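Below you will find one chain, with nothing else, as structure tokens; this is the form predicted alone, and questions on how it binds or moves follow later.
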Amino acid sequence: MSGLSVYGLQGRVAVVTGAARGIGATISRHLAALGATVVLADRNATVEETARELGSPASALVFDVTDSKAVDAAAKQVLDKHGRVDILVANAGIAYEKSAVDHTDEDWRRVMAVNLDGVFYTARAFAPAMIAKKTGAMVLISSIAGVKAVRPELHVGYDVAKAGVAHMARILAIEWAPFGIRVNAVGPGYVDTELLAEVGRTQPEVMKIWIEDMPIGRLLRQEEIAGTVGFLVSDAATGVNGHLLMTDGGYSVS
């Protein structure tokens, strides 16, 4: 393979969690455009509408990544229907702002359950199919907050979980490399999503700080995160394993 063909995903089955909207939906569209058969997963049933927008052969699964039995069942459904899974993008996550002293036990456990446990459950559930075929690529979505103390927002639980996701990718990459599976992480910066748009409307002073701290002077586009993911799961990145690829416009090194 050479040239643009190494980026193609024809014949591959991809599962994307947190795919109902935002970055997950954009990643799903990008992988589909590259030729993959995409299974969009989310706890929100609106993921079915997103999958319909992509059209056949895209499909949807509704389950909660914090429920390990539901994740295992979803993996079986994908294998029963498609006979294989080649790509996993563990994107599902939640975020909220609260100071450390105000974090309740419930706050802490909820964000860990979704952002860290859910990523592990998903990777664990889909790995056996890849191990059996001795091929596969996983991308775990981390964050700039996993490598740098961000400001002015306060969300220690989210930050710690995302740091754990980045390290999980390194550990799984080494464990599963003998089976032909590559595991990488992506660290998005501040991305133009509905959530950040709302921050811009209600807290313009916060948005001003974010933009000023971004060396590129703007929010990232969702398509830029999707492009990084598409590269990492393609044959153009067969030598990339256990890497955290920051897609943050230079924020983490500034």
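One rule holds for the numbers: they count along the sequence shown, beginning at 1. In this text, all values refer to a predicted model and were calculated from it rather than measured experimentally.
Although it is not shown, the form predicted together with a small molecule is what the next lines describe.
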**Request:** State the residue from Ile141, Ala125, Ala137, Ala161 whose non-hydrogen atoms include one within 4.5 Å of the small molecule in the predicted bound form.
**Result:** Ile141
**Complete:** The one option of Ala132, Ile94, Ile174, Ala73 with any heavy atom within 4.5 Å of the small molecule in the predicted bound form is Ile94
**Item:** in the predicted bound form, segment of 29 to 37, 187 to 195, 201 to 209, 51 to 59 with a heavy atom within 4.5 Å of the small molecule
**Value:** 187 to 195
**Message:** Taking any heavy atom pair closer than or equal to 4.5 Å as contact, tell me whether Thr228 reaches the small molecule in the predicted bound form.
**Reply:** no
**Prompt:** Quick one: does Ala20 come within 4.5 Å of the small molecule in the predicted bound form, counting heavy atoms only?
**Reply:** yes
**Prompt:** Going by a heavy atom distance of 4.5 Å, is Leu116 a contact of the small molecule in the predicted bound form?
**Reply:** no
**Request:** Consider Ser68 of the chain shown here, and say whether it contacts the small molecule in the predicted bound form, taking contact as heavy atoms within 4.5 Å.
**Result:** no
